[in-house]
Ligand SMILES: Nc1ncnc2c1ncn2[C@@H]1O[C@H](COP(=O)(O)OP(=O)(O)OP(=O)(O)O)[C@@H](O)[C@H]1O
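One chain comes next, on its own, written out as structure tokens in the form predicted alone.
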């Protein structure tokens, strides 16, 4: 009898998160780096570098981000033999394998003596081709695998299986899903790409326009945003140090940061409105009372109140709650689902050679 390890994985545009029933809970920046030359290979002592380490040493590496808008960087029309397609598949596989290695680091037995089962989260309305490609990657690394929508994984982990509306705000997408006591259908879900990366770009453009002499990158303002994001009407002014002709100088970015963070709200509220308005009218009130914010973007200070205020004006009422562990909510739910699936289900998946989407 081989030991079974259940794994929940959230492969995100910015961060990839893993939670396993052997106690491992960790994450990596969704970045893969390859040394540029013999000097950089000697520097690292290995042929591939992951996560924050890759970002820190990106001048020495060829950097690849396998995910865009929460999905593999492939399109419906992309040639599966093209360099771009193959590179996206290769780097995504390397990243997934690294996450699994982090889980196995806690084990004292060899991989061949384990049964690795995984549930992977994908954007709510990712294309079937995208999910199939992700499944193909995972099958080479996991013995049994299933793919579900990310907001459904969040809801499952919170045991909110009915009368709830999940809003999962990631870097690449915002995924909305209404829970009705059954597996959500396409009409129960909405995805928008105005998410964390969109906020970064708006923030960058506003600062570029206001402070023309300062030099900075999107990556610099992203890090600052993650530590200071707010749309609250209260609080002190917010300053960031940006170099001007090589010398650091403080710049007031209060209004620019709030404007950028607020940029995702209209699409989020419109998605909430659509999912509520198209729901059974006898149950619409339950959804309005149970809107759940998850994902890294849920931590924007003042976002909860901003959404509630907009729901009040468009829907007459709205109550919004935030999950306690936004980074791990999706992976935790995927892990719980993985553990709850009966043995006969996994045998059925194996025999059919596919994982339910």
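Numbering follows the first chain given and starts at 1. The model shown is predicted, which means the values in this text are computed figures rather than measured ones.
There is another form of the same protein, the form predicted in complex with this ligand; it is not shown, and what comes next is about it.
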Residue 297 versus this ligand, in the predicted complex: is there a non-hydrogen atom within 4.5 Å? yes
Interface membership of residue 117, this ligand in the predicted complex, 4.5 Å heavy atom rule: no
Counting only non-hydrogen atoms and a 4.5 angstroms cut-off, does residue 315 reach this ligand in the predicted complex? no
Does this ligand come within 4.5 Å of any heavy atom of residue 15 in the predicted complex? yes
Please identify, from 50-58, 35-43, 306-314, 288-296, the stretch that has a heavy atom within 4.5 Å of this ligand in the predicted complex. 288-296
254, 262 and 302 - do all three of these have some heavy atom no more than 4.5 Å from this ligand in the predicted complex? no
Between the options 107, 143, 94, 226, which residue brings a heavy atom to within 4.5 Å of this ligand in the predicted complex? 226
Among the candidates 147, 88, 190, 171, the residue which, in the predicted complex, approaches this ligand to within 4.5 Å (heavy atoms): 171
Need the contact residues for 201-222: heavy atom within 4.5 Å of this ligand in the predicted complex, sequence order, or none if there are none. 222
